[in-house]
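Presented as structure tokens, the chain that follows is alone, the form predicted alone.
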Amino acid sequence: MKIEKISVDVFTYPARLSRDTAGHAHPGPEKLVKLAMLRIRDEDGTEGYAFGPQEVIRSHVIESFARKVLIGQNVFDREKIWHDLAHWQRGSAGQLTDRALALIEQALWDLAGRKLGLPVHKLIGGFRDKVPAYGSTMCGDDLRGGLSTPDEYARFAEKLVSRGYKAIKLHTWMPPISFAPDAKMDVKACAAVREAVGPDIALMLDGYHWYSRTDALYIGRELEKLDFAWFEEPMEEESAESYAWLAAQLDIPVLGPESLPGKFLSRASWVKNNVCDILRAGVAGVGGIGACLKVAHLAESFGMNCEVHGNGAANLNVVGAIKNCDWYERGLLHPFLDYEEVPAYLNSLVDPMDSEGFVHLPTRPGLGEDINFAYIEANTVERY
């Protein structure tokens, strides 16, 4: 059961997302965008797949690192392969990123699941078959009728509750919005949403991540009055001391780190030094499913929750295999976009949500994505 081939198909599909100058996603006119599908094939022809930006798994990364490390190795030796790849990172001049490492490892998990006829969360050791989702909004914008005012956040929150969500996380305004950052505007949006949805809906805030300590403390204390469930990324996460200072002064749980590099190692430091109350990890950010599980198990051993960052098949499978996570992050959501619309390269969503607000874990083998291979073949623009 040796790995025989690694390849990438780059294809186009229509999407209505645009990025502002800071990289935040917003609704935009429909246009063709590129996406890459990584394929890892073993000697009997079974393949595993993972989707990601072409820039992350460009040809240099595949040729210089992935093929050198993976070809000829046993398809089930994921931990060995992961460490072999991680060893190459230091000498890669920053070319082999944690996100690339995560995509390669995801494809290995997908291959194993497809080979054995089991979804990944069952391979890991399933804990649940469904999980409550929170609706995670896009960042605030200046689109009339979108997310440009506290009242618009409130109206959108009402729609999310009517759809079935029992929890909502706000991403508020960030540059290049002209008035951002503005701590008082963030609080106004949070207050408007709480008034709109009532006391029984769990609310969270993912704030502007470059606030000062004093602004973060002000927001946190206001969120306590509004009975928010957690406060996420208000400051630069490289300053663990600032987060420890904040967490010590607030009753609302401080959640993190979201984007801090360092895989599970940096998360261990946050736990040891009481930097947060709820740990945070996502598959892409920490270098893979296995690394994300290590963070979750680390948190569990200290009696902490680990809330998994981001949507998608890989994160959903992790959530399905751990106990100490209360929610699945579903989004990003916006009044002008329909999250339920299936992208052209899939036949169905991997994370459909029922009317009670639960996302059911996939039952298909592997990561559970229902891939439209015919569409990808017809719209491939590059292979390597």
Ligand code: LLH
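Start at 1 and count along the sequence shown; that's the residue number. What you see is a predicted model, and the numbers here were worked out from it, not measured in a lab.
What comes next is about the form predicted in complex with this ligand, which is not displayed.
Residues of just one listed stretch (30-38, 53-61, 324-332, 341-349) have heavy atoms within 4.5 Å of this ligand in the predicted complex: 324-332. Of the residues Glu236, Asp142, Asp129, Glu258, just one reaches this ligand in the predicted complex with a heavy atom at 4.5 Å or closer; this is Glu258. Here is the short version: of Asp206, Asp215, Glu222, Glu152, the single residue with a heavy atom within 4.5 Å of this ligand in the predicted complex is Asp206. Within 4.5 Å of some heavy atom of this ligand in the predicted complex lies at least one heavy atom of Arg280. In the predicted complex, this ligand sits beyond 4.5 Å of every heavy atom of Ala240. This ligand in the predicted complex comes within 4.5 Å of no heavy atom belonging to His121. Looking at His24, you'd find a heavy atom of it within 4.5 angstroms of this ligand in the predicted complex.
For the stretch 160-188, the set of residues having any non-hydrogen atom within 4.5 angstroms of this ligand in the predicted complex comprises Lys169, His171, Met174, in sequence order.
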